[in-house]
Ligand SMILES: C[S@@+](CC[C@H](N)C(=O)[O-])C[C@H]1O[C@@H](n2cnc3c(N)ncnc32)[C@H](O)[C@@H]1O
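One chain follows as C-alpha cells, the form predicted alone.
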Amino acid sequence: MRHEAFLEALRGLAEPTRLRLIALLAESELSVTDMVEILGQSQPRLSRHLKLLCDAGLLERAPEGVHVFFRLVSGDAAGQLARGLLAYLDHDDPIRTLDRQRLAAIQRNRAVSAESYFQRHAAEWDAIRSLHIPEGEVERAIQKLLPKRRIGDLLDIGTGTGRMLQLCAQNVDRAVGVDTSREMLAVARANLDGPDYRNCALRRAPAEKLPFADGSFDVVLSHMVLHFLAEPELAIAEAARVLRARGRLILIDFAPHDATVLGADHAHRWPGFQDERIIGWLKTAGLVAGRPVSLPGSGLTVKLWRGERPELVETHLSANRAEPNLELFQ
C-alpha cells in the first residue's frame, strides 16, 4: 500500500461518525437510508462522510435504482487495514452495541420482505422444481466443475436469491452477484447478511452489459439465466470478456424441452438449449468448451456447460490452428 494511500485511509477513519460507518459496513451492505436510520443523522451529513470514505478507497459504492448501497472494500490493502483497526475497538462499547442492535432490526426487516416475496412466488417455483432433479444435485454438479484451487474473484450473473454466492463464498476471496431485479437483489441481500458472506457483494446490472473491466474474474457462473434472455450469446460474450486467462465460465440451464408452461407462465424465451448452440457461442466468445454434463429429471434435463479462457489463445490458435487441451485447465 502506497504511503499516500495509507495516510488517506487513516484520515478517512479518524472521525467518530466515519468509524461507526466503517464498523457497520464491515458487517453488511447498507443504503444511505439504512444508515440514517441506524445513526440518527441527516442524509446530507452522512453522504459527505460516505464520499470521504469512498475517496479514501475504503468503501465500494453501488447505485441501485433510486438507492445507493455501500460496503467496505474487500480483497485489497485498504479493506484489510480497516478490518485490522476495527479489531482493536471494544466490542461492548455502548455506541457500537446500539448500532449493532439497529443493524439487526434492519436485517430482520430484510428477511421478512424476502420471505413475503417467496410466499408470493412459491407456487411458480415449486412447479418448475417438480420438473427437474433436486437443487442439491445440481449444486453438487456445479461444485465439481469449479476449479480445485482456491478462487480469487467470482462473478454470479443473474444471482437471483444469491444462492450461488452462498454455495461458493467459503472458497473464494471475493464474490460478486449481479441481477437486474431490485426485488431479487433485496432477497439476495437478506440471504447474504451474516459473517459467512462478508466477502460477497451485489450489483444491479444486466447480463449483456457488465460493469466490470476486462479480465476481472477467475470464475463466472450463470445459473438458470440464459433462457430469460433475448440474445444469450451476448451474455456469454460479456462473461468471456471479464474472465482472466485460465478463467472458467460455467453455464447451467435446461436442455431442449416441450414444457410450454415455462414460456407463457414463467417468461422463458428459450425452450432449453442444444449442446451445439451453447458450444458454438462459447467458441465464438474465445473460450474452449468442455464436455457438457446432463442431469435428467422427471420432465426437464438440467445441463451444465463449461468454457475456459486459455492463455495466449490468439497466438496459439494462429500458430497451430488447433484448440488447446481442456485438461490443462483442471
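Bear in mind that the values here come from a model prediction, so they are computed numbers and not experimental data. Residue numbers here begin at 1 and follow the sequence given.
Just so it is clear, the following notes concern the form predicted together with the named molecule, a form of the same protein that is not shown.
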| query | finding |
| --- | --- |
| Contact residue in the predicted bound form, chosen from 240, 184, 190, 250 - any heavy atom within 4.5 Å of the named molecule | 184 |
| Residue (of 81, 169, 146, 229) lying close to the named molecule in the predicted bound form, criterion heavy atoms within 4.5 Å | 229 |
| Partner contact for residue 224 in the predicted bound form: the named molecule, 4.5 angstroms, heavy atom | yes |
| Contact flag, residue 179 vs the named molecule in the predicted bound form, heavy atom cut 4.5 Å | yes |
| Partner proximity in the predicted bound form: residue 205 to the named molecule, non-hydrogen atom cutoff 4.5 Å | yes |
| 4.5 angstroms heavy atom contact with the named molecule in the predicted bound form for residue 163 | yes |
| Answer range among 108-116, 211-219, 81-89, 155-163 for contact with the named molecule, defined in the predicted bound form as heavy atoms within 4.5 Å | 155-163 |
